[in-house]
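Take a look at this one chain, the form predicted alone, written out in structure tokens.
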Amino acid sequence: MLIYELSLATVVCINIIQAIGLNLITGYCGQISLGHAAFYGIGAYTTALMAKAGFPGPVNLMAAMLLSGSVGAVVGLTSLRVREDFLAITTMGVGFLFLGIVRQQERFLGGELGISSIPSFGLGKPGFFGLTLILVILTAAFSLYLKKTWMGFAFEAVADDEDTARVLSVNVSAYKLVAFALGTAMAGLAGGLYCYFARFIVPDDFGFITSISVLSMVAVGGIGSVYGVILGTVLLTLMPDFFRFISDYKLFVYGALLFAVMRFAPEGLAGLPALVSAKVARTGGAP
């Protein structure tokens, strides 16, 4: 595999891990998050600082997950009393707060110049791609398993109707916190991997546009569907590279695609087969 294709495949894997984390929060538990990139950034900056201090790669990735998940749990705790639009605004504020802190901390976090000369993970490009691929498989398998457990059913109940879930003795607050902690921990893992991949990070890598891009991947693929999220992430990550003219209008294309999916296929790409089957059944197979 050529270096460029290998690098592109690595980016796809990193984005999939990040998107699966957001899907756990938004798709499974129904909590809208517009600040997911902040936790992605926490993982990246944690990994960068620890790597430059000489800590080994696996330890740094674990630390990135723990710190991002812990901050995610705190954000979830402060967001327990808000829902829907207000929750979206709250999480968006977290993203802007993270950027403000990073940009002001020139001494420790590099400010606008970011952090450069980050040590490599030590596996080489093929080995690092293999690592990210293994982690994609593990996070996807965990997410699929979680959906079939009692916790997954509780997440679904919270997403459908919080008040009804409380009547059924579901601890809504606890499951919201768990969803935020798990989803943001995955974002932290993706951020740590991105740090080792790029070996140079700046605040703009983790801005609001990144949060919207990941949300678009989840929505286009199919909110709540792990397979759909993977498909949507692959599509939106590769699209600017396969169609070069899209690169300058990426956000416009993402927005138009997101609007089209929400209007004509609310369940995303994962729901297209069922949508087509239903349409065929209604028309009796007529064209």
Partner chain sequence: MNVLLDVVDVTVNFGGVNALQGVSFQVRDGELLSLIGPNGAGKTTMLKAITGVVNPQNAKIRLDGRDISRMPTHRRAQLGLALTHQIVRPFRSMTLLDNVTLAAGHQRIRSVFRSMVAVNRDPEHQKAAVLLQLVGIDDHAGQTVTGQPLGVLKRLEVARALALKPRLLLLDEPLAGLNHIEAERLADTLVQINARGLTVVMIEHNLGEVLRISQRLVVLDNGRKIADGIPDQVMRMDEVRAAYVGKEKQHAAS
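Because the structure is predicted, anything quoted here is derived from the model rather than measured. Numbering follows the first chain given and starts at 1.
Not on display, but discussed next: the form predicted in complex with the partner chain.
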### Message
Looking at 116-124, 93-101, 193-201, 174-182, which stretch has residues with any non-hydrogen atom within 4.5 Å of the partner chain in the model of the complex?
### Response
174-182
### Query
Looking at 209, 80, 167, 134, which is the one with a non-hydrogen atom within 4.5 Å of the partner chain in the model of the complex?
167
### Partner-contacting position among 109, 73, 151, 87 - heavy atom within 4.5 Å of the partner chain in the model of the complex
151
### Message
Just checking whether residue 146 would be counted as a contact of the partner chain in the model of the complex - the rule being heavy atoms within 4.5 angstroms.
### Response
yes
### Task
Examine residue 140 and determine whether its closest non-hydrogen atom to the partner chain in the model of the complex is within 4.5 angstroms.
no
### Query
Is there any non-hydrogen atom of residue 156 lying within 4.5 Å of the partner chain in the model of the complex?
yes
